[in-house]
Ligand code: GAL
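Read the single chain below, which is given as structure tokens and is the form predicted on its own.
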């Protein structure tokens, strides 16, 4: 992923002019109801708890505080439901759409919205056309974390974990457990991680087809582990939910090896504190939600925002991910994105005391 002149979020969104490709009528035309409504579609509840627990309330609050209506719905992992929600929202009227893609369902929705002159913001996941090797952004804007950087942080946590364990990265048995290839971000996570791990001499010993499902990941990993004769030195895993699945298999086999993840979920933070997961990449959803809502509100007001970076040919607002090791868990609690009372239960309580999580 090549970013042009990455600069912090605080300065990439401004009210100066940049024409929107294919959506100049955006939120400034149509009836008052249409122009005052932000339509949002979230992908599911299974891949991460963030969508319902974090993004939904953050986006809803941002729009209502600014005096706009917010229609936030969740497709619950169903592409047909995704399309139905979109049709319902478009029928009611939207001044802007914020879409988290799910298995390509956002492509048709984006095209429908743009035909109606409604600007579309791809949120967290890119909405692209073309080949995987040469994608083109279909949405008018893309707001997300620097997802290749997420992968780099994950890959580095694996490399550091091997070093701590006294393992030679070049000869280590490392399994790659990625996300669903239908999700454009999965490739960015993989590419970032692979770049760092390859540079350290790591070659994947096994790499099952990726999914965003902890139980399926556990099954796939168990099959990979069996094929390797029960030997593994580290596992690159794309997120905390999948990492939890991998860890159940490692636990069953009496193994504790470096495992990566992302989302700073409660379960992920618990596994980090217990030493079962080397680290998790923390993506403060409030930063992402704030960036997307500010951009959308400008569009709802009929303004034409200017964004100074691009990805896949369209304006891209990137926010910065953070690596969380056991000694950094408290920072997630301090930010309000996790509760010590939820984390420090059962066997994790002692680790919370050790690392000052309260």
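Owing to the predicted nature of the structure, the values given are computational and were not obtained by experimental measurement. Positions refer to the first chain, counted from 1.
Only in words, not in the display: the form predicted together with ligand GAL, which the text now covers.
This chain is drawn without ligand GAL; in the predicted bound form, the residue among 152, 140, 146, 263 with a heavy atom within 4.5 Å of it is 263. Picking from 268-276, 106-114, 166-174, 183-191 the stretch near ligand GAL in the predicted bound form, with a 4.5 Å limit on heavy atoms, gives 183-191. Proximity of residue 157 to ligand GAL in the predicted bound form: non-hydrogen atoms within 4.5 Å are absent; the residue sits far from the partner. Residue 48 belongs to the set of residues with a heavy atom inside 4.5 Å of ligand GAL in the predicted bound form.
Though the partner is left out of this view, residue 282 does not reach within 4.5 Å of ligand GAL in the predicted bound form, counting heavy atoms only. The closest non-hydrogen atom of residue 221 lies beyond 4.5 Å of ligand GAL in the predicted bound form.
Within 4.5 angstroms of ligand GAL in the predicted bound form, the stretch 193-232 places a non-hydrogen atom from 212 alone.
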